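The chain below stands alone, shown as structure tokens; this is the form predicted alone.
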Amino acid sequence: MIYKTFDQFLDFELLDSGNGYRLERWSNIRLKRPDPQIIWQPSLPQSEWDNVDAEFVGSGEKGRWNKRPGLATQWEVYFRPDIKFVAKLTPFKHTGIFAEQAANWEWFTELTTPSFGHPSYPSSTVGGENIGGPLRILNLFAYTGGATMVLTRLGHSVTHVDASKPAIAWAKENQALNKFPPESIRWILDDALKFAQRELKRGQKYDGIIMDPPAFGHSPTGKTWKFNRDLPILLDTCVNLLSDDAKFLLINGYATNASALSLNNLAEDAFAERGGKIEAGEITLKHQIKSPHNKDITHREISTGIFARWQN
């Protein structure tokens, strides 16, 4: 089991955790959100926990936000100086941005930026010429498009697939916020599995694939998605969609009874004939906390999901 965290997200900070809640900073907005796995005690004093702009109140994933008067309904959050997102307070307790995914963004950035001469990143050259060119990426269950924006900034060609019209509309807000041309991203409102199967029949190939499937969901036509039932079929389809020189494939898992070990075993089966490197584990968020005696600074991590990823 490996743990992946990334703590250089400019406008996000996990300030503390305890008693079933996270205390976070999103730009200059402080939020208190429930997280049932957090069964330990907080480190910061109650005065810090009381100093929030909004607190999510509700049972399970649905509820409402208690907000301070005048709090904006949405605001900008920078990941890096050249990448930013629209944050909103949703009735599902999140902001539309999953900061822990920066660990995966860093991973595929390292895998893909040497492949061509993007002006913001080092080039990989042979005889003075750049190797390769922009990659074709398929982003399934792409939601508000965090990974899509990072890959588009790198100059890659992203096909962004999601079954939710509001999610795609939000992702298009992120596209406009980053001043990407309208044609820079291919938008697909569709069932992820059905779209992938059609792409395979059409003979399409991709150099990288990302999937972030829910535990349970519905397509625009009402078809039900179940993680343990449908993910093996989707993964086999996507492995066959990878080009001969494909760089990576990433699976994320949230709110599912699957384990990182089960994703690892599934990926090993899917890539048995192709080879490559597979790793699996937990994605985490980290914050600095003081010891109970307030003498030493230690690092505490909270798990936010599981992943399995393959690289060529």
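Residues carry their position along the shown sequence, with the first being 1. What you see is a predicted model, and the numbers here were worked out from it, not measured in a lab.
There is another form of the same protein, the form predicted together with a small molecule; it is not shown, and what comes next is about it.
- Message: Just checking whether residue 167 would be counted as a contact of the small molecule in the predicted complex - the rule being heavy atoms within 4.5 angstroms.
- Response: Residue-level check for residue 167: yes, a contact with the small molecule.
- Query: Hey, in the predicted complex, is residue 254 touching the small molecule, heavy atoms inside 4.5 Å?
  - Reply: Because a heavy atom of residue 254 falls inside 4.5 Å of the small molecule in the predicted complex, the answer is yes.
- Message: So in the predicted complex, is the small molecule close enough to residue 187 to count as touching (4.5 Å, heavy atoms)?
- Response: Although the small molecule is absent here, residue 187 would stay clear of it in the predicted complex, with no heavy atoms inside 4.5 Å.
- Message: Within 4.5 Å, heavy atoms only: does residue 162 come near the small molecule in the predicted complex?
- Response: Close contact exists here: in the predicted complex, residue 162 approaches the small molecule to within 4.5 Å, heavy atoms only.
- Which one, 149-157, 73-81, 188-196, 236-244, holds residues whose non-hydrogen atoms are within 4.5 Å of the small molecule in the predicted complex? Careful reading of the contacts points to 188-196.
- Message: Under a 4.5 angstroms heavy atom criterion, identify the one residue in 98, 107, 180, 227 near the small molecule in the predicted complex.
- Response: That would be 98.
- Message: Please tell me whether the candidate spot formed by 142, 212 and 217 is one where all three residues come within 4.5 Å of the small molecule in the predicted complex (heavy atoms).
- Response: Yes.
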